[in-house]
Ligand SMILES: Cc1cc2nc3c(=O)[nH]c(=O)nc-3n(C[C@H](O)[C@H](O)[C@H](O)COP(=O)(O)OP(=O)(O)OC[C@H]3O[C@@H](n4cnc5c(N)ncnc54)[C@H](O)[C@@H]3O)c2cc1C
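Presented as structure tokens, the chain that follows is alone, the form predicted on its own.
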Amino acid sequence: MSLGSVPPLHEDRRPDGGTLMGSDDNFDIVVVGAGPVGLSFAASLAQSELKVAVVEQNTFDSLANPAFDGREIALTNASIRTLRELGAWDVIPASDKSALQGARVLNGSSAFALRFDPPSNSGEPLGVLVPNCRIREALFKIVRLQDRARLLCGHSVVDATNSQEGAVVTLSNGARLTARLVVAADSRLSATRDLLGIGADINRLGHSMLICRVRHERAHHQIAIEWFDHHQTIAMLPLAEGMSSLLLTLRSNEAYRLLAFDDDLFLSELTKRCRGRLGKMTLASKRHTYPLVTTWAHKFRAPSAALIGDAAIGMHPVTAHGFNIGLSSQKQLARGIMTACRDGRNVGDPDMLHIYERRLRLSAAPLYHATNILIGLYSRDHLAARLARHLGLRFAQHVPLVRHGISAELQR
């Protein structure tokens, strides 16, 4: 298929400063969404001979220099290994990596804390906190250097058709891309997923997460705090010495009310809500808000199509594990594609996509559904729910299999 009279694609700027105008619209794989998962998927295919296009509605410059968005990603050791294999881990400055030496879960005003610590003989932290924008920036640099990957920025996908023979993706500038496989990685409210006719369970929780960095006088000892308090949840993520990222989960109207406060009033409110746990605080970043939505796609694949990352599974952030599942999903799909290529099969081979879907469903479903149960328990404030939370934390603390199992999952 030729572009004919349709408008040309966005310029794909090369690392040497030159340009390459998009004149060829035929690809082996079209990836929709240049977030960390979409970019890591393209990077995972670097050793193949596959021709890959990554379509992103944001501009080239916003990908090359992503703004800080408030989100700190708690990477498991498995995710760190994946980023290292892709060449992205060493691109991220050491100053942006904060080791997580433990985590504590609190309930209301109780002094009791459920403790999660790395095994004493592991020599590794529980995880590492890295700003989302730094991960995205590092992966963007890796993909830009790939000879057979094209970044098509500044356009959204307005139509997508698929069959066993392949897929056609139409961009907002009128350009049409053909592919043997289209991969949706464009958020938990994925428009591409909708265009492919794949439904999803979408749960808009009515709560929002308000995030900011603060400097504080009390030491955090590289210990994360997840505090389920009355009518709110507070996460305190340790960054550099004397600095943390605070995540305050509230009903959306309350979160936006706090967002409108001036800095002094906001800090006073934040200190009161944290009950002085970090001592005196000053703001170290802008404030950001994100409405909480969880999603579970009814299918993770269709003829000549697959979903990865949040387009497949949008986790609640309370477990800090959604990013890691997304990174794992792209790795599973990339491995399946590489195996299919070695065996002389199509990159959209139905059997390969079926295996990918089955494995992702089996690996992600337990955590997804357990998280939803947890959120249901901790979002209720009546006496029975508070008592159940208290007993649940103490049970988990005194059953090593539970604590060690969760710690092992974080460290694997």
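Values in this document were obtained by computation on a predicted structure and should not be read as measured data. In this text, residue numbers run from 1 along the sequence as written.
Only in words, not in the display: the form predicted together with the named molecule, which the text now covers.
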Self-check item: Proximity to the named molecule in the predicted complex (heavy atom, within 4.5 Å), stretch among 86-94, 182-190, 225-233, 197-205
Solution: 182-190
Exercise. Tell me, out of 57, 363, 372, 346, which residue has a non-hydrogen atom within 4.5 angstroms of the named molecule in the predicted complex.
Key: 57
Quiz item: Which residue, 34, 353, 29, 43, has a heavy atom that falls within 4.5 Å of the named molecule in the predicted complex?
Solution: 34
Quiz item: Is it the case that 136, 156 and 309 all touch the named molecule in the predicted complex, with a non-hydrogen atom of each within 4.5 angstroms?
Solution: yes
Exercise. Report yes if any heavy atom of residue 98 sits within 4.5 Å of a heavy atom of the named molecule in the predicted complex; otherwise report no.
Key: no
Exercise. Examine residue 261 and determine whether its closest non-hydrogen atom to the named molecule in the predicted complex is within 4.5 angstroms.
Key: no
Quiz prompt | Partner contact for residue 150 in the predicted complex: the named molecule, 4.5 angstroms, heavy atom | solution = no
Quiz item: Going by a heavy atom distance of 4.5 Å, is residue 324 a contact of the named molecule in the predicted complex?
Solution: yes
Quiz prompt | Residues within stretch 61-76 having a non-hydrogen atom within 4.5 Å of the named molecule in the predicted complex | solution = 71, 72, 73, 74
